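Below you will find one chain, with nothing else, as structure tokens; this is the form predicted alone, and questions on how it binds or moves follow later.
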């Protein structure tokens, strides 16, 4: 909200409007920023971001309030690899710091690219990035059973050394029986520290980039003080927390497939269209959506509509317009 002479006023982009607007949260998948097999140069990533934001401009042009969140897996992986390459020269940074670095980097790319795209179309909307912290429960069961692989691959000897010297949990990699990776907890997101500020910015007409990579995992002590934790929060579950916290009507979860599928990867796979939260929850429990891929996206959609959201959509970036029109994607409704 904003105040002028003690009168609450409409955000500038809605004044003199005569149509109904909505708040939408868009969760960009990691493939929107960095593709498999690429080197990950700044030029490559900027090119993908520019393409991605072009798909979002029409939604903003219509006057809707938009919040963008994003993945950060490849970028954090590169930061962790740089840590290892320089470990004899520079101190190794903890995972929460690496997550903050990636938020700043990707937020900058999205912010600049979107500002340029909006200006090209003559659209007056400011864009802002918020380094975002996600509160988790230090007693979450995930902390006793870490499973999320991060960072580079190590030999068995290196894995044993880092487990002993750094206290890391190491596990054999799925990609190779002789390689090991560090695994960390992936706790449930409880709240977003910056929710009040983000809500105010969205209500005032800013396009906000927030919650990158699920947010920086933090815990509160008995006095309410915050401290970072070595963990990774699922970005889609954090996107649901963001969307619910700002009172969004729609959550768009963008990935590299046009919809969720039943029996995905089999000869009789079938796309899933409009479905209720109860129906898709049953399908989730029946094993149609693995936890390592579509599962968290489906869970985020279920939570969103049960927390008051109108519609949650799973689709690909290039089908945003069709998804908004109701002709593409998996649409989860209450």
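These numbers were taken from a predicted model, which means no experiment stands behind them. Numbering follows the first chain given and starts at 1.
Just so you know, the form predicted together with another copy of the chain exists too; it's not on screen, but the next bit is about it.
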Considering only heavy atoms, tell me if residue 269 and another copy of the chain come within 4.5 Å of each other in the model of the complex. no
Quick one: does residue 259 come within 4.5 Å of another copy of the chain in the model of the complex, counting heavy atoms only? no
Does at least one non-hydrogen atom of residue 116 fall within 4.5 angstroms of another copy of the chain in the model of the complex? yes
4.5 angstroms heavy atom contact with another copy of the chain in the model of the complex for residue 58: no
Non-hydrogen atoms within 4.5 angstroms of another copy of the chain in the model of the complex: do 73, 154 and 158 all have one? no
Of the listed stretches (142-150, 247-255, 220-228, 162-170), which one has a non-hydrogen atom within 4.5 Å of another copy of the chain in the model of the complex? 220-228
Taking heavy atoms and a 4.5 Å limit, what residues of 71-87 are near another copy of the chain in the model of the complex? 78, 79, 81, 82, 83, 85, 86
